[in-house]
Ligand code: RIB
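Take a look at this single chain, the form predicted alone, given in structure tokens.
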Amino acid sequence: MDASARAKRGTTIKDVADAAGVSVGTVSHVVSGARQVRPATRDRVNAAIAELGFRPNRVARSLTRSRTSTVGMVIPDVANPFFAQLIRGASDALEASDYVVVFGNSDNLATKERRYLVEFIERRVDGMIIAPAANADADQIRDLGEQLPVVLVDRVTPGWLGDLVVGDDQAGMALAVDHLIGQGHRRIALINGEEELSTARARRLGFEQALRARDVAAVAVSDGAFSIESGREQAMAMLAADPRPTAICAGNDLLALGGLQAAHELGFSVPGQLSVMGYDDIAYAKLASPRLTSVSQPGYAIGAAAARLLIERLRDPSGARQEVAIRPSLILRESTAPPARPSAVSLGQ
């Protein structure tokens, strides 16, 4: 058969076998790795594959290997730049190991998350990476972990005993508090995300522990959602209170951006009258005005680490449980400064 005819119908495994002068079964063994093939024969087959541009049929291959080379990934908010970077890190690492990644955006809803998890099981994915939604079904996720390899990322559900990749939230909040206290702030507040989420709880705990260790009491602590709108609402309430904070620590950068918006609407200058500290160091942090001081939690690195754990688990299902905590760092920009003298502080300038 000539090249033009073959191009019309697509290269088949038989074409490769004919070109290499071997049987179809031998080509299958080379592609799947199911059996050892003599090096010289394997080289001929691989040369024919390259020359003909043959791409093995993943579905057919999965029938013999009981694998689909597919990984499911469920994320709570694909519009959040942190999770977008996490997805990129995971997908790059998985695709480099010849896995196809299918995504689901749960919108931070447990009901939507459940549907994706069921659908991925029906698609026979080899494993999953999950950043759980608020009020996630912990029992379903635990059961899932007994059926196939699962890695939780960024967030933890109660009773999870499987592989896990998270940021060190308590250490991150200690960096934020140390920075603000070092600048002279004593009236420090926290605006935070959903208390149902392990990240929000860990960041609040880290914030409160760091303040206690330095003999400083929080002027206010509130929670809502990890969003700009929630950050604005929480900051508006705090800035209208007496005493008001001279510095606001936010549970993520979206909340901090909402805090900047509230300060602008109420006429407070940042950082002249109010310092604002973010968390995550998303791309938007350095585009804000003023540029946002933030605790850097590298989403790409967290996603890539989760993918590596999953690949290891797929290769060795009986290996010991692994937990990876990514150490954060402090990124200093213009949204934080020493507090203004009391006589220089006024509302609505």
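Predicted model only: the values in this text are computed from it and were never measured. All residue numbers refer to positions in the sequence shown, first residue = 1.
What comes next is about the form predicted together with the ligand, which does not appear here.
The ligand is not shown here, but in the predicted complex it comes within 4.5 Å of a heavy atom of D154. The ligand in the predicted complex comes within 4.5 Å of a heavy atom belonging to T199. Put simply, S106 is far from the ligand in the predicted complex: not one heavy atom of it is within 4.5 Å. In the predicted complex, none of the heavy atoms of T293 sits within 4.5 Å of a heavy atom of the ligand. Residues with any non-hydrogen atom within 4.5 angstroms of the ligand in the predicted complex fall in just one of 265-273, 122-130, 76-84, 175-183: 76-84. Contact residues in stretch 207-226 (any heavy atom within 4.5 Å of the ligand, taken in the predicted complex) are limited to F226.
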